[in-house]
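To begin, one chain is listed below as structure tokens, in the form predicted on its own.
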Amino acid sequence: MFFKLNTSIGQPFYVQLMQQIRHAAESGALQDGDQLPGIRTLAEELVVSPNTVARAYSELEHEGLLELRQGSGAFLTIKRRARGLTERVQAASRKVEDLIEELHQEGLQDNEIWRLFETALFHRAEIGAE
């Protein structure tokens, strides 16, 4: 699978995994009905405790994003409300890609663009905007 955990950001691994699964669903990388790797399989792949993956899956099931089927695994369940969010995230992703391309044409490099986004998001967090 395409999940990766970062030890240096100080965020619990299960939260990182939840965010990455949500993002994969919102961006369309995972579709309604897709099966996620088994708990043990993903835990081995990410080099974490199976309890970490189980907690992430359980939380996402509680949110309604996953359905855990005993003996079968975890399946993505994108509800109607989530589909609207998925469409908005995909549209926003296209806008970001267009902006990045425009900034490249203006001579900015990826690392400079990255810093601009980080700075803007940091300032939003400082003022409490979400």
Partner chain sequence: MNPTPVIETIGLSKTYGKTDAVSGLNLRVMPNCITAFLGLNGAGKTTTIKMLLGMIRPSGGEARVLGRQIDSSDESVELRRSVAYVSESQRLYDYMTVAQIIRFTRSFYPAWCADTEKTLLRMYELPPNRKIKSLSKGMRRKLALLLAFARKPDLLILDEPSDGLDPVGIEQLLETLVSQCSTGTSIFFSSHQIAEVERVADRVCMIHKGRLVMDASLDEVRESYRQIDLVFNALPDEYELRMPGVERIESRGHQVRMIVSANAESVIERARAYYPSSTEVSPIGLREIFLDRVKEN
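Positions refer to the first chain, counted from 1. As the structure is a computational prediction, the values presented were derived from the model and not from experiment.
Although not depicted, the form predicted together with its partner chain is the subject of the following passage.
At least one heavy atom of S49 is located within 4.5 Å of its partner chain in the predicted complex. Contact between A43 and its partner chain in the predicted complex is found at the 4.5 Å heavy atom cutoff.
In the predicted complex, its partner chain lies farther than 4.5 Å from every heavy atom of H104. Heavy atoms of N111 never reach within 4.5 Å of its partner chain in the predicted complex, leaving it off the interface. Judged by heavy atoms within 4.5 Å of its partner chain in the predicted complex, the contact stretch among the candidates 22-30, 90-98, 35-43, 69-77 is 35-43. Along 5-22, a non-hydrogen atom within 4.5 Å of its partner chain in the predicted complex is carried by L5, T7, S8, I9, G10, Q11, P12, F13, Y14, in order along the sequence.
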